[in-house]
Each structure stands twice: as structure tokens, then as C-alpha cells.
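One chain comes next, on its own, written as C-alpha cells: the form predicted alone.
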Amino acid sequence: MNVMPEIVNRRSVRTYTDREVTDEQVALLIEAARLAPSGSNTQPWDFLVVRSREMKEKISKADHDQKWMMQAPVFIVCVGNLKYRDDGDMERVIRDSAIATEHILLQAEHMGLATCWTGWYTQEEMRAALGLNERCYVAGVVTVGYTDHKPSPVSRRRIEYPVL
């Protein structure tokens, strides 16, 4: 299995068509996230699938009022949750939830879906919009849909790495 095509081709998309994303497609995205690695296999995440216009408006408003988000038929909110960790280590919850979120993006790319991982919000505003408590950390809101415009590749810096 070679995932490099998905890694190379993935882009953050901010324009979506009105084509629907099926429940089966969403289930496969969540399954990809569920299978992500996590420290001590704690799996400290929850995922909220948002289709309702009312909730999408609340989320996009909390996310720096990014109106373009409303074009996407589905939002997946990736929530790190301390209820899954006995030690209360929020940094590990955030790390592990971010890994699971990236799994969603790569699986979506593989399926021909477009995504954008957004995070231009304060935790307080987003938690309030979603009705979450302070033991939750919103690692990202992923917009999901189809696009007829994929952004061009962006330049990436070269990384020099020592071999120790």
C-alpha cells in the first residue's frame, strides 16, 4: 500500500459543490480516524458529524465567521476528551486527536472528497457553540464535500535531518 499519492495531492479546499456526501462515506472517514494510533491506546477522541444548517452556522461563526464553510455539506468536529485518560494529560489528548483528524483528511483524499481542517477559533467559543465542557478540546473542524476547484500545490521547504 502506498499512501504517498494522497499525501502529495491533499489540499485545503474552501469551495464545494452541492453534491451530497453519503452516510456511508462519513462512516468510512470516522472509521479511518478510529483506527489512528494513540498513546497507550487511549483513543481519547469523539467525532461530531454536523449536517444541520443551524449547527454549521454556529460552528462557522465561532470559527472566525468563515462563511465559505457553509458550502460544505458535512462538518466533522474532532474533539479530544479527557474522559478517556486517567492521567488528565490534555497535551496527549490533543496530539492523539490531531493524528486521528489527519486520518480523516487522508481517507477523504483517497475517496475523492475535498476537505479543509479549520481551527481559527478559541476553545471557549467553539465549546460554547457545541455545548462541550472544559474537559474537551476541539482539535479541528473538518469541512467535507466535493469540489470542482482544487488549489495548486504549494511550495514546501526542504528538511535536512541528521542521522544519529
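Heads up: residue numbers just count along the shown sequence, starting at 1. If you're wondering where the values come from, they're calculated on a predicted model, not measured in any experiment.
Note that the form predicted in complex with a further copy of the same chain isn't included here; everything after this is about it.
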query	finding
4.5 Å heavy atom contact, E57 to a further copy of the same chain in the model of the complex	no
a further copy of the same chain contact at Q107 in the model of the complex, heavy atom, 4.5 Å	yes
Interface membership of A128, a further copy of the same chain in the model of the complex, 4.5 Å heavy atom rule	no
Partner proximity in the model of the complex: Q43 to a further copy of the same chain, non-hydrogen atom cutoff 4.5 Å	yes
Stretch 82-100: residues contacting a further copy of the same chain in the model of the complex, 4.5 Å heavy atom cut-off	Y84, E91, R92, I94, R95, A98, I99
